[in-house]
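Quick setup: one chain, the form predicted on its own, written in structure tokens, and binding and motion questions come after.
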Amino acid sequence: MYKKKLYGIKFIIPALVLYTVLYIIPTIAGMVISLTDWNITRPEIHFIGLQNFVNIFTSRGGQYMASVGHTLEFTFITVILKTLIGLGLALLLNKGLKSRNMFRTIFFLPYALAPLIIGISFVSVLKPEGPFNAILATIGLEGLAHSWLTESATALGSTMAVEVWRMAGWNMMILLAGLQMIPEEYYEASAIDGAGKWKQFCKITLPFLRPSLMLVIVLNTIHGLRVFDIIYSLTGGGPGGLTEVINTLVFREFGMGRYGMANALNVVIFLITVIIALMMQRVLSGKESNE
């Protein structure tokens, strides 16, 4: 028995070593650095405790709190839209359409593209003289034309729209897999009992699809909180910081050599992610226990 346990441990050790070296140690190091005033412009490094975090959450750090707000807003709205659109596409392409495989591929393709490439492409699409405004003018809606990525009223919403367009197909594929695991016999039996499409959706589809929906919501939430590349390639955090999220601000702080504050911001987003993930886990486990 002892030899069998030792045999299993031998397989775990390499992964544990890699995880420790590549994740645990850098995470601890980042937390330690966040408690200093490390700045590349000064040769000395001083331990300042929680002062960086005080600066983030007080009026002295208005830009920092704004980035936290933008991150939460971006996450909340995109999670809802990506989940709903992904669910709609999954229901539409689950069965019945002859060309459903082709459409599945088309909707999934944006996710296969690099976010930086998508961002750079949409900068051209959404500029004032770009194709999107040209299409609006062609169909008589030139009054709706904007400089989508540089106007304060539309900048953050435009980045959300691009993110939803990129990720909806990925959500569709996960939910589609969940739909195809539902036994067809349940629908046939409910149809015999006189249940309509809406009742079948509420009583059969949603309950069976709940694990896939929860997976999609959790993964999208974590992804939204960690967003960087699509925002940076579209707006760089502008105009005037109106699309600045935590990770673009971390990148900016690192670029200016303020390593202490950059790591403090990293710790903040890490803690927010952990707290939200634990809350979601508690809610989901509570639902499962009630069932």
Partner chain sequence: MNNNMKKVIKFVFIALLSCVIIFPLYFIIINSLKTVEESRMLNFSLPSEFQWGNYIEVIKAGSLVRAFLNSMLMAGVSSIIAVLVSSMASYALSRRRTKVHNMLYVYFFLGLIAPVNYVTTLFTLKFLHLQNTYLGIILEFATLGIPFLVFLYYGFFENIPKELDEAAVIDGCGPFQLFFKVVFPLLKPATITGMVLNFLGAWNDFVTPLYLLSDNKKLGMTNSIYNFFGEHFNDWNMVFADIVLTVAPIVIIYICGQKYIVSGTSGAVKG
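Numbering follows the first chain given and starts at 1. For the two forms, the rigid core is made up of the largest set of C-alpha atoms that agree within 1.5 Å on superposition. Because the structure is predicted, anything quoted here is derived from the model rather than measured.
Not pictured, yet referred to below: the form predicted together with the partner chain.
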Flag this candidate site as yes only if S124, G130 and I174 all have a heavy atom within 4.5 Å of the partner chain in the model of the complex; otherwise mark no.
yes
Going by heavy atom distances of 4.5 angstroms or less, which of I120, A191, I77, L206 would be at the interface with the partner chain in the model of the complex?
I120
Using heavy atoms only and a 4.5 Å cut-off, determine which of G62, G49, P43, P26 is in contact with the partner chain in the model of the complex.
P26
Within 4.5 Å of the partner chain in the model of the complex, counting heavy atoms only, one of 49-57, 254-262, 237-245, 64-72 shows up; tell me which.
254-262
Though only this chain appears here, would I217 touch the partner chain in the model of the complex if you measure heavy atom gaps against 4.5 Å?
no
M279: touches the partner chain in the model of the complex, heavy atom cutoff 4.5 angstroms
no
Does the 4.5 Å heavy atom contact test between T83 and the partner chain in the model of the complex come out positive?
no
Heavy atom of T105 within 4.5 Å of the partner chain in the model of the complex:
yes
Superposed on the rigid core, does the Cα of V17 end up 2 angstroms or more away between the shown form and the other one?
yes
